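First, one chain by itself: the form predicted on its own, in structure tokens.
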Amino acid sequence: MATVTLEQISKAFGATFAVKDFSATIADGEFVTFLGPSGCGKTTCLRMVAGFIDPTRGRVSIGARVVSDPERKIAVPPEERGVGMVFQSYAVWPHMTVFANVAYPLKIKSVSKEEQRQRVGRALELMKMSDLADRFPHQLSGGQQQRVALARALVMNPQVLLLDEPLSNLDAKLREEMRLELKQLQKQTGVTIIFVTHDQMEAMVMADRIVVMNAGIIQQIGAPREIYLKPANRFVGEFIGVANFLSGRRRGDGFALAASPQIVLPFQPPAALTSDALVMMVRPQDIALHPSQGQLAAQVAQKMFVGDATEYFVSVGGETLRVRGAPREDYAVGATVHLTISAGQFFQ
């Protein structure tokens, strides 16, 4: 397996940069997710690691080997990089059996039939597909076809496995199953994995670290807990999870809401934030609802029962806050409730 190092890589299409000054190191055996909205440059980064796209500038290394460096005119072909790629569309050949699909890369490399049989057998066993080796893709479910694509990538014993939104075509239950299987696969093989997704839940559940991107630029790199609890900026806070954002100003006794300056929350913004005009981020689960007594009085504007919780939209001081309450709580729309905010984070 191998470390992947991206040093100040950029990719421009004409005057527009799809990726700009992207630097990250993915450790040997690490599971890293590139996460961001559509068009943020995450797939472009993945394809530069694979060798399908050459960077405009910067350097890509896999292990100790530089595989892309325009300045030094280095551009190692994809098939010589030691990477396996799984696409969103599976890309399994409909006229081939499961065995033939998985064996195809070995056949292209003129691997002997006996070795093909052994390596395909191991890959299918790893993906729990051994009993389906003689089936054709139309006889498989979407999850099974995805396993075929993974087995085909793994059969070449790649140093790095690149996954481009491979679960997006699966239904919710299958996605959840495949998340667990991918994590188990990494533990079994020790392969370095770079996983591209726009689904924050996939990233949070599977990744050792997340690279959050927007408009081709890295916004934050960190473990899922760090990204969620300590977002580097408002974009990360909004993109990861659900959050409320309250505009206001620093005051001696706390944080005064811009919409209702008479409402002052008992939180002091950090001294490192030099501006008096700030935004406070509050997660819904950090707001408790009470029938009486609390920091703020509010009115229930909407509510949604979602099984494990009841989500409320409450109006307070010209702001609307999203609050996650206990499933057995049931405040009526229009009712007056009281809020206690236990935590928040400030941004300039």
Partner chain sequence: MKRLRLNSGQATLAFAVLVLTILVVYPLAQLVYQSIQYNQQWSLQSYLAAMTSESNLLALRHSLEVSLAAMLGSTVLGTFLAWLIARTDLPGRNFFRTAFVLPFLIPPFIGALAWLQILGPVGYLNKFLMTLTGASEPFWNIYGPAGIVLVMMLHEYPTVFISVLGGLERMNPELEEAAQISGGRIFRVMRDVTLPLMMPTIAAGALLVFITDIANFGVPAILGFSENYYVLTTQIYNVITRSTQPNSLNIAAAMSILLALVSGLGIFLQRFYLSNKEFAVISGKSMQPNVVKLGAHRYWLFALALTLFVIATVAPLVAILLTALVRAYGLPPLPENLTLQNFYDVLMLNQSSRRGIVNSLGLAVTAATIISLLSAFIAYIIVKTKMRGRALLDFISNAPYTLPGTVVALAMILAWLKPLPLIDFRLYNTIWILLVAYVARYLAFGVRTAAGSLAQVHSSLEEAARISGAGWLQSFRDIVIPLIRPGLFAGWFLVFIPCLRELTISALLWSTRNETIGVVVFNLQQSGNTSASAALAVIMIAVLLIANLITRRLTGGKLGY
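Residue numbers count along the first chain shown, from 1. Whichever C-alpha set is largest while still superposing within 1.5 Å between the two forms counts as the rigid core. This is a predicted model, so every value here is computed, not measured.
The form predicted together with its partner chain exists for this protein as well; it is not shown, and the discussion that follows is about that form.
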Inset, instruction - Decide yes or no: are 255, 266 and 338 jointly within 4.5 Å of its partner chain in the predicted complex, with each residue judged by its heavy atoms? - result: no
Inset, instruction - Specify the contacting stretch among 311-319, 295-303, 31-39, 44-52, defined as having any heavy atom within 4.5 Å of its partner chain in the predicted complex. - result: 44-52
Legend entry - Non-hydrogen atom contact residue 261 with its partner chain in the predicted complex at 4.5 angstroms: no
Inset, instruction - Answer with yes or no whether residue 94 is in contact with its partner chain in the predicted complex, where contact means some heavy atom within 4.5 Å. - result: yes
Legend entry - its partner chain contact in the predicted complex: residue 107, any heavy atom under 4.5 Å: yes
Inset, instruction - With heavy atoms only and a cut-off of 4.5 Å, decide whether residue 87 touches its partner chain in the predicted complex. - result: yes
Inset, instruction - Would you mind picking the one in 78, 241, 143, 121 that has a heavy atom within 4.5 Å of its partner chain in the predicted complex? - result: 78
Inset, instruction - Taking 4.5 Å between heavy atoms as the contact cutoff, choose which of 113, 138, 128, 173 touches its partner chain in the predicted complex. - result: 138
Inset, instruction - Compare the position of the CA of residue 94 between the shown form and the other one after a rigid core fit and state whether the shift reaches 2 Å. - result: yes
Inset, instruction - Determine, after fitting the two forms on their core, whether residue 273 shows a C-alpha shift of 2 Å or more between the shown form and the other one. - result: no
Inset, instruction - Return yes or no for residue 201: a CA shift of at least 2 Å between the shown form and the other one, with the rigid core superposed? - result: no
